[in-house]
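Shown below, as structure tokens, is a lone chain in the form predicted alone; questions about how it binds or moves come after it.
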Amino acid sequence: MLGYIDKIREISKRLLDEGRVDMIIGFRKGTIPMMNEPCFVKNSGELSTLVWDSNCGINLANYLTDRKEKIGIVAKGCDSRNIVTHIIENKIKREKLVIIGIPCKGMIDKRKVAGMFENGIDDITEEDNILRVKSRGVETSLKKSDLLQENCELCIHRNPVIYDELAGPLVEEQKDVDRYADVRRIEAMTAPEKWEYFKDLISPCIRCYACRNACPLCYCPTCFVDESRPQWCGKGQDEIDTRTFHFLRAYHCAGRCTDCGACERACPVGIKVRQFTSKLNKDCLDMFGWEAGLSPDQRPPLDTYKPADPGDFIK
């Protein structure tokens, strides 16, 4: 994917020089390994900062909400699906965007890589499917395909679903991927087993809200956890309040989540936050044949009513 950098810069320069956009939203190299940062480029002199590699897991659609400028944005498959959701939900207008599509081959899981080097990582570079990690002067070569984020391993929408320019040729989509094996495993548990499972899953949570802040779907002016009249959820470390936050936030993403993994990537204590949204994604697919963000012309299932909608929940 390193080959995309020159094309991203070339397209961005043309868009800025022709005045078609006021800024480009992309990535620059981070100050620590495996942590590239979102950046806003507003003139051609800053284009050399733009980068692209397997450490660009943050969802840039998060930076589009309610913006009025003309924006060029770099978007991999899941980002583009969240852009579609933003368009459907009237958070950005399509005519305000020039989308630079990135056919994606997956983002690396920084926790997997960091866990392999107890002395820390000084630098990491990549070439095709090889990662070269330097730690205390020793270089180790690893296969990138063995170190992908879980959502990337399961992704079947690697190509952008909506774009104006492409930074590279479309990649072959993954087939025969069992995306919901974990969900079925949890569904097969008894109610007490599920309670213990989610209790243990959430127990490390420190209520930092990084998952919420990283999620492009969480754009409410006031989050329900910050409401004081009425107060839906306490601010402390009470176990019930913490569970309430995670479950309610997941339900707010129902029919909207693209499984971009931004929530899980942002969590400082490594909670598998996708366990909540994956279940809802599976239910939307099973009951409504719906996957979020594939077309700006289709309304999500919780936004529409059809007489033939499943009604088995009504007792």
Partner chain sequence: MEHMGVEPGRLSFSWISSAESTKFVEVVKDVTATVKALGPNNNFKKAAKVA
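Positions refer to the first chain, counted from 1. A quick note: this is a predicted structure, and the numbers were derived from the prediction, not measured.
Omitted here: the form predicted together with the partner chain. The next part is about that form.
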Hey, in the predicted complex, does residue 195 get a heavy atom within 4.5 angstroms of the partner chain?
yes
Contact between residue 243 and the partner chain in the predicted complex at 4.5 Å, heavy atoms?
yes
How about residue 314 - does it come within 4.5 Å of the partner chain in the predicted complex, if we only consider non-hydrogen atoms?
yes
Applying a 4.5 Å heavy atom distance criterion, does residue 146 contact the partner chain in the predicted complex?
no
So if I measure heavy atom distances to the partner chain in the predicted complex, which of the stretches 85-93, 170-178, 183-191, 146-154 falls within 4.5 Å?
183-191
Using a 4.5 Å heavy atom cut-off, which residue among 284, 47, 250, 51 comes into contact with the partner chain in the predicted complex?
250
